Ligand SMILES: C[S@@+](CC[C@H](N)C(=O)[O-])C[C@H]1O[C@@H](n2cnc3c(N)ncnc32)[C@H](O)[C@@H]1O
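Given next, in structure tokens, is a single chain: the form predicted alone.
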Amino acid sequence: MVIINTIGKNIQTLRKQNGLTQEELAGRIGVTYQAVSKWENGTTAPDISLLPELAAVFGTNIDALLGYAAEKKTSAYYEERYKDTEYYWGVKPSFMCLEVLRILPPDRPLRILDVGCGEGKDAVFFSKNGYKVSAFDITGSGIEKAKRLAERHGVDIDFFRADIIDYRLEKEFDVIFCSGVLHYLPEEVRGEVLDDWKRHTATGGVNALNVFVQKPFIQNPPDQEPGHFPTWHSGELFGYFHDWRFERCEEVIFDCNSGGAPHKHCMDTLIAVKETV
């Protein structure tokens, strides 16, 4: 069922990006618009013989329809950028780090997981402030660079390589931290992944998360990475944590100049506490 949902969501995304209605797409490949609707709703999947035709209409390939290409391209995109001697994201910690420090200071050994740690700046900040840190990223070059940063600061961090899409937790954490990564999580696994994080958060623990959200009046950034489709909607992240206490819950639109061209982003930020049931 997951692969059917993935194909359907990808068809819908690519169809809209190409400015096609369901009827127009159906006419291009010789099926009914009801068939296209069922694909996009995840009820059925297109016959395998139609995949080359669909890929041709969208100007893409079969891997992209199946959801494989974006993940590989995203990984490769950052693998190359993290090989540079400079730190792609800098070394200044995210503002969410300071919020976590305020809400749940490490007055005892607190376990924190940094999801999608990149080059390790936030993980190193937490470790320097007394947390017991585990951190993972999809890129090997990012992990190696993070290890060097930790060594430079004299801190011990459990860095490992994993993919947010299929990695599931095996132990409990006091803090789960994820900044600038959730927008890569496909819709069909969001609930599963976030429920896994919630189950593996200790009572009184914190999840500090942010995600780019879709706005019709904001264009895609000129330097948009492969695989970055901001399909999250305003408030969607907050809904997954409706049963937790919110310490911070906000949506902001901010200016950005990455890629050398001014543009805007919209981001939802949530810092929530797991209360005693």
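These figures come from a predicted structure and were not determined experimentally. Residue indices: 1-based, along the sequence shown.
Below: the form predicted together with the ligand, not depicted.
Asker: Within 4.5 Å of the ligand in the predicted bound form: all of Arg81, Glu144 and Phe159, by heavy atom?
Answerer: Not a single listed residue reaches the ligand in the predicted bound form, so no.
Asker: Please identify, from 100-108, 134-142, 150-158, 199-207, the stretch that has a heavy atom within 4.5 Å of the ligand in the predicted bound form.
Answerer: Residues of 134-142 come within 4.5 Å of the partner.
Asker: Should Val193 be classed as touching the ligand in the predicted bound form when contacts are defined as heavy atoms within 4.5 Å?
Answerer: No, Val193 sits far enough from the ligand in the predicted bound form that none of its heavy atoms falls within 4.5 Å.
Asker: Answer yes if any heavy atom of Phe173 is within 4.5 Å of a heavy atom of the ligand in the predicted bound form; otherwise answer no.
Answerer: Answer no; every heavy atom of Phe173 is more than 4.5 Å from the ligand in the predicted bound form.
Asker: Please determine whether Leu169 contacts the ligand in the predicted bound form, using a 4.5 Å cut-off between heavy atoms.
Answerer: Leu169 lies outside the contact set for the ligand.
Asker: Contact between Gly180 and the ligand in the predicted bound form at 4.5 Å, heavy atoms?
Answerer: Contact with the ligand, yes.
Asker: Could you run down 116-146 and flag each residue that has a heavy atom within 4.5 Å of the ligand in the predicted bound form?
Answerer: Read in sequence order, the residues that approach the ligand (within 4.5 Å, in the predicted bound form) are Gly116, Cys117, Gly118, Lys121, Asp122, Phe136, Asp137, Ile138, Thr139.
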